[in-house]
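Encoded as structure tokens, the following chain is the form predicted on its own, with no partner shown.
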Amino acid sequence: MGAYIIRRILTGLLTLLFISFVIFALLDLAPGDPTANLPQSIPQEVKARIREALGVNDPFLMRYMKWGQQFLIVEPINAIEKTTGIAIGDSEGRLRITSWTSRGKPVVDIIIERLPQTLYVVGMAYLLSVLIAVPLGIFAGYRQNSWFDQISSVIAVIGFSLPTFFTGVLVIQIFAVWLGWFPTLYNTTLRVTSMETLFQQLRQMIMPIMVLAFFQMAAISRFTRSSVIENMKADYVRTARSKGLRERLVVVRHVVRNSLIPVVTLVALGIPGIFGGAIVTEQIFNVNGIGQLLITSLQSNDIPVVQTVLMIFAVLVVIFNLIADILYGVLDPRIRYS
């Protein structure tokens, strides 16, 4: 297992290196200028000096190597320093990835400021969807073609078919405009300091969580149901029943455990994917999170922010791929890594 994990880590690092090159190259080829949003009254000579200071005129490989060093070495070292309080090398002279539109503020610091809002909404939505969808899919698969299975299948198809931008607007219209139960827009300046502000925070989180959880729950429940139905027909289930095992033990010990193996992959790989899927939802509800940061950075041509956010998404995909592979061995003892 240890050798397999090391190999997978090395493979993941090579994959991230290739992805970083592709991201940097594509964004470098895209049209845009860091001085495009500056006032027209600024002389062209000043704009040229700004571009020179930002390194825009440097050769492509030099800029890529500089950005790669900042993302893979400088930013992790800075994070270690902030976490442990131990200075490593020249902290003041270390050049970090800075935003073009936020007065030279480090990109990672901007992301950290936005991260709690995304985690509140996306994390709670995904956790809720998994807690509901997995038991729902197991019971629907076990009671195949029953009225419960048919109703849950219809709801899942609806949830999977409707895009989040449609359900988001629909939820706002019904629960915020017509009924007035929840605020129309998300108040990102709210700070939880008392029970009243905690209630306000939970109240404004309900609608975006509902939208994201409904979409994710549909996919996970259908996948879980299909896996349970497939395992219910397996030979080992008939053998277990012929030995006189109670139905509950057959379902829990054999069917559910084997059915969760492919579900683990879907759940693990869906975690980075939901951050991307939350981009639209954050725009609809005005959640000041990572998704909204990516959209505004694209609109303002803030390439360092876009590059960093996309690379963080890629890192999450590689990490959760590795976690899913390791969990295979935990759930299924028949799987051995050589």
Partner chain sequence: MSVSAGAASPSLPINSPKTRKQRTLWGDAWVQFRRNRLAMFGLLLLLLIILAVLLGPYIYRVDPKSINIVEASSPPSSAHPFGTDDLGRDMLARCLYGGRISLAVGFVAMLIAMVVGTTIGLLAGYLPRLDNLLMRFTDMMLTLPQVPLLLVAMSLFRDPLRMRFGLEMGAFVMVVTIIGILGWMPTARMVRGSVLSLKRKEFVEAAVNVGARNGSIMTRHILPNVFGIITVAATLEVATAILTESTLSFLGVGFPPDVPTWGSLLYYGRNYMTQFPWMVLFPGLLISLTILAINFMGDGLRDALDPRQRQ
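Positions refer to the first chain, counted from 1. Everything numeric here is computed off the predicted structure, so don't read it as measured data.
Same protein, other form: the form predicted together with its partner chain, not shown, and the subject of what follows.
Taking the partner from the other structure, its partner chain in the predicted complex has a heavy atom within 4.5 Å of a heavy atom of L294. None of the heavy atoms of L198 is located within 4.5 Å of its partner chain in the predicted complex.
Interface residue remark: A48 is not counted as part of the site for its partner chain in the predicted complex, having no heavy atom within 4.5 Å.
Contact annotation: L298 falls within 4.5 Å of its partner chain in the predicted complex, judged by heavy atom distances. Heavy atoms of every residue among L27, R222 and Q283 are located within 4.5 Å of its partner chain in the predicted complex. None of F175, F166, Y236, F148 but one reaches within 4.5 angstroms of its partner chain in the predicted complex through a heavy atom, and that residue is F166. In summary, among the residues L127, L245, V157, I77, the only one with a non-hydrogen atom within 4.5 Å of its partner chain in the predicted complex is V157.
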